[in-house]
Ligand code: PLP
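Here's a solo chain for you in structure tokens, the form predicted alone.
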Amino acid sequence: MSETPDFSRGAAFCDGHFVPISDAKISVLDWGFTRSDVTYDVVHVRDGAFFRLADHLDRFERSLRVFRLAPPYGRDEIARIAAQCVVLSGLRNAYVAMVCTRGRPRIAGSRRPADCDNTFLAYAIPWIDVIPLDVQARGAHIWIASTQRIPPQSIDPTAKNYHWGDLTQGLFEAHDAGADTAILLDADGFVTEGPGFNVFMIRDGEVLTPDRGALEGITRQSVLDVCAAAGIPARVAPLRAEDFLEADEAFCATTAGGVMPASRINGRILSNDRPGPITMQLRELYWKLHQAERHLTPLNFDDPEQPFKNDWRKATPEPEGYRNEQT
């Protein structure tokens, strides 16, 4: 008699089956592994409900188009599979990934992407803060790395990818300098993003975030949304390293952590070496946004076969008001 699988540490969907996260695997011959030929998206669950699930699925679909990947499941099935991973795990606060890889070539040694069958997997694991909570409490120390961001002409940064060679080198630089994390510049000296997060600065009461070389984050958009609602000036704009070094406040933003305050950039102290007041206001407003019904998709933890409490496909309003100010 087989034992009941233990999903308490997380659940995954691989090769058409739900398995404990420790049993989730892909082939060593999958181009997702050998060539980083893969795209993904990450959505979080907070208090038993997905936050902005439709927006994450929209971005996942765009990333699939950019990398010319076609998973064997449609949008509705992908949403259901991701929800089932959460419900099976029982996690009410979770980090949930949807991943599509190029797959393993059907013909040994083939260099043709068309000879691969694309794969899909998903998983739910306990909530992650990419900057630890104790570091957020005192404000992260950020290092502006000398490693340049991969140019967008090579890899589209608005499509999620695992091309992290530059970001990892930036992290090594930051850690060697005694900082917590890094942000990278492009070849022209403009700020782009950090390893898995967008970055913001605040100067003279205005909230600013880079207009290039960065993922168009859902949390980034949420910050702009709450700025608009609260009457806080905010712009997506070209920003250089010296702009951040002259900032009054700074913070990072990502699905895995939300609004995460910073207190130093390259050793320069911001906000009396602690999280700044506007940052903390935005952090509070960001979590309050999780109470907005239009952004929530509640889960039914009583039945993995019916993982949604209601129709998750309900319309989500278009984000308010902001467009990139390209120069």
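Numbering starts at 1 and runs along the sequence shown. All figures in this text were calculated on a predicted structure; none of them were measured in a lab.
The following text describes the form predicted in complex with the ligand, which does not appear among the structures shown.
*Asks:* Taking the ligand in the predicted complex, would His141, Phe190 and Leu239 all count as contacting it (heavy atom within 4.5 Å)?
*Replies:* Verified in the predicted complex; spot residues all out of contact, no.
*Asks:* Go through 51-59, 263-271, 25-33, 297-305 and give me the stretch that gets within 4.5 Å of the ligand in the predicted complex, heavy atoms only.
*Replies:* Flagged stretch: 51-59.
*Asks:* Can you check whether Phe67 is within 4.5 Å of the ligand in the predicted complex, heavy atom basis?
*Replies:* Flag for Phe67 set to no.
*Asks:* My question is simply whether Arg220 lines the interface with the ligand in the predicted complex - judged by any non-hydrogen atom within 4.5 Å.
*Replies:* Taking the distances in the predicted complex, the answer for Arg220 is yes, it comes within 4.5 Å of the ligand.
*Asks:* Are any of the heavy atoms in Thr101 no more than 4.5 Å from a heavy atom of the ligand in the predicted complex?
*Replies:* No.
*Asks:* So, in the predicted complex, is Gly196 in contact with the ligand at a 4.5 angstroms heavy atom limit?
*Replies:* Although the ligand is absent here, Gly196 would touch it in the predicted complex, with heavy atoms inside 4.5 Å.
*Asks:* Identify which of Gln84, Thr181, Asn118, Thr255 has a heavy atom within 4.5 Å of the ligand in the predicted complex; exactly one of them does.
*Replies:* Of the candidates Gln84, Thr181, Asn118, Thr255, Thr255 is the one lying within 4.5 Å of the ligand in the predicted complex.
*Asks:* Just to confirm, with a 4.5 Å cut-off on non-hydrogen atoms, which of Leu215, Ala234, Val96, Ala247 contacts the ligand in the predicted complex?
*Replies:* Result of the distance check: Leu215.
*Asks:* Who in 117-146 is close to the ligand in the predicted complex, meaning a heavy atom within 4.5 Å?
*Replies:* Read in sequence order, no residue approaches the ligand (within 4.5 Å, in the predicted complex).
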